[in-house]
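Only one chain is included here, represented as structure tokens and corresponding to the form predicted alone.
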Amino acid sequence: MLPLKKAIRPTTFIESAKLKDYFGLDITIATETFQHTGSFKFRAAYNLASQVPNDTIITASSGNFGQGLAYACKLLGKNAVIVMPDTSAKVKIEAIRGYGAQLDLIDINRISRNERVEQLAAEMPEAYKASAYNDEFVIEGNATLGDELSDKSFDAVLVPVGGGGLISGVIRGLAQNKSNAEVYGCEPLLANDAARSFQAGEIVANEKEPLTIADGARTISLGNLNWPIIQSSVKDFIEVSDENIANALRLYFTLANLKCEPTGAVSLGAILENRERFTGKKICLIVSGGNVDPLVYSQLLG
């Protein structure tokens, strides 16, 4: 079994002159699109699967954590059971099946992901219930990305936010390396529970899974393990319209020759919403993943 830092691929840093000129900002892209399974989620999934003693792991996912866990379990000789909405991206469904995991597709209008996980856990009491974001193993795994960012002396790091596992891990990794970078949460306006929580000073949940184009951010709420990290260390949240998420996805394609999924484009979308805030700063934009159906991607490119 490989240790985590040897199992993952280092993130890819891209400095696009076209993107810098377009915004007039010092922008560096940190993209996890080339990570195993196409997103940062492999970091968390491998760390979790390699640490827990259980041979079977159950989780709910919109797709990327499911892929990461399915592949990690394949590498480690364990069994993965993945609960996903039946509306999930086909590319993510097919990848999970390809890694040999058991896939349980549900109608979220009839039963929530978490409810289905509880049902399966009752049937498989020997299994470990893994959260894609609210788990210490997840936060610890994602901290490896913060480790990598800390070497670059960024003034501001912009992070897409769904359940909060990525941003809490990045914060932890930066803090462990005594980085002074300010961390900004970037969240779809249609799924802005983290921004509302930050303003309220307590976790505020969405009533149902939000229908943003950023499918990786269709979460009900932040986790109680990552919330204290976020509350104490995030500089601010920037809410991003679906229009600007799509615009950012197109800009990555045209100016940086980078394909990403809508959730991965949210951090650049935050620049479209509020670029003046980052004038004169050395900025890191995290692209969380690149798993998007070809048809959906071509429609977004227009």
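From 1 onward, residues are counted along the sequence shown. It should be emphasised that the depicted structure is a prediction, and the values quoted were computed from it without experimental measurement.
Heads up, the form predicted in complex with a further copy of the same chain isn't pictured, but that's what we're talking about next.
Against a further copy of the same chain in the predicted bound form, the set F13, Y99 and S298 is in full contact: each member has a heavy atom within 4.5 Å. This chain is drawn without a further copy of the same chain; in the predicted bound form, the residue among A246, L258, A30, V234 with a heavy atom within 4.5 Å of it is L258. Scanning G63, G269, P262, G38 against a further copy of the same chain in the predicted bound form with a 4.5 Å heavy atom cut-off leaves one residue, G38. Taking the partner from elsewhere, Y71 is found to have a heavy atom lying within 4.5 Å of a further copy of the same chain in the predicted bound form. Interface residue remark: P294 is counted as part of the site for a further copy of the same chain in the predicted bound form, having a heavy atom within 4.5 Å. Residue contact with a further copy of the same chain in the predicted bound form: Q67 places a heavy atom within 4.5 Å of it. Shown alone here, T56 lies farther than 4.5 Å from a further copy of the same chain in the predicted bound form, counting heavy atoms only. Screening 132-140, 105-113, 71-79, 206-214 for residues having heavy atoms within 4.5 Å of a further copy of the same chain in the predicted bound form returns a single hit, 71-79.
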